[in-house]
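Shown next as structure tokens: one chain only, the form predicted alone.
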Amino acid sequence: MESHSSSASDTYASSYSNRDPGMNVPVHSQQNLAPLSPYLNFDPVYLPQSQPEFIFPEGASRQRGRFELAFSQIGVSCMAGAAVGGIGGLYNGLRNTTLAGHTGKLRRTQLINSVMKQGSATANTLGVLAVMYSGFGVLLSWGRGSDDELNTLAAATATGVLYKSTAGVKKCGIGGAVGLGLASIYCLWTARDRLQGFQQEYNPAWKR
């Protein structure tokens, strides 16, 4: 009876030894590589290393449109205008108070007034330009059903023309040309990779 129970016990609970080849399972697939998964019977090193993917709603764009970017563009333009105008106001205030011979509290007050006045004026100017540009860009994007460099060029040109519309036809042309030039530089800068690929495709001898 005892021999029968011991044989049954050996059958269901056999002893294991370190010398058993089946026990020598490596912790890593290869030296200095990813560890084997303790839960799944596969080596994670064979999984493809890919970038994280995001799920977008049906029909949604994979990048923010002009309407979403308009808020950040307007805010950045106002802050940049305030910073640039404040620096210019500080310089002009120092020069004017030095020439006028102001000292002490009077000079400090004049400096603060100069910084605030020129900073707010420049911030308002750049903020208005950003609102105009964003508005034209959103309208063109909705009207054409696409968002590309043509919208950027047209929006910048229209912004320059509208901003100088009260100064005469000549000033309107100058404003539109300035807007078109700045937009062209921006488009060339953002599309430099595509331009290089285009040049390599039609001119294989060209090297970067």
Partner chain sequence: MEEYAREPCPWRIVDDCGGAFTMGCIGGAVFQSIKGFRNAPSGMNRRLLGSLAAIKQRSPIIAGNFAIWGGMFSTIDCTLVHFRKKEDPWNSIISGAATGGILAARNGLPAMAGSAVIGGVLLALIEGVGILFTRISAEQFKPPNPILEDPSQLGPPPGFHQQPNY
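Residue numbers count along the first chain shown, from 1. Quick caveat, the model's predicted, so the values are computed rather than measured.
The same protein has a further form, the form predicted in complex with its partner chain, not shown here; the description that follows concerns it.
Undergrad: Give a yes/no on whether T98 approaches its partner chain to within 4.5 Å in the predicted complex, heavy atoms considered.
TA: No - in the predicted complex, heavy atoms of T98 and its partner chain never come within 4.5 Å of each other.
Undergrad: Is G86 close to its partner chain in the predicted complex, meaning a heavy atom pair under 4.5 Å apart or at it?
TA: No.
Undergrad: Report whether the minimum heavy atom distance between A123 and its partner chain in the predicted complex is within 4.5 Å.
TA: Yes.
Undergrad: Does any part of Y91 reach within 4.5 Å of its partner chain in the predicted complex? Heavy atoms only, please.
TA: No, Y91 is distant from the partner.
Undergrad: Given a 4.5 Å distance limit between heavy atoms, list every residue of 100 to 114 close to its partner chain in the predicted complex, or none if there are none.
TA: Contacting residues: T109, I112, N113.
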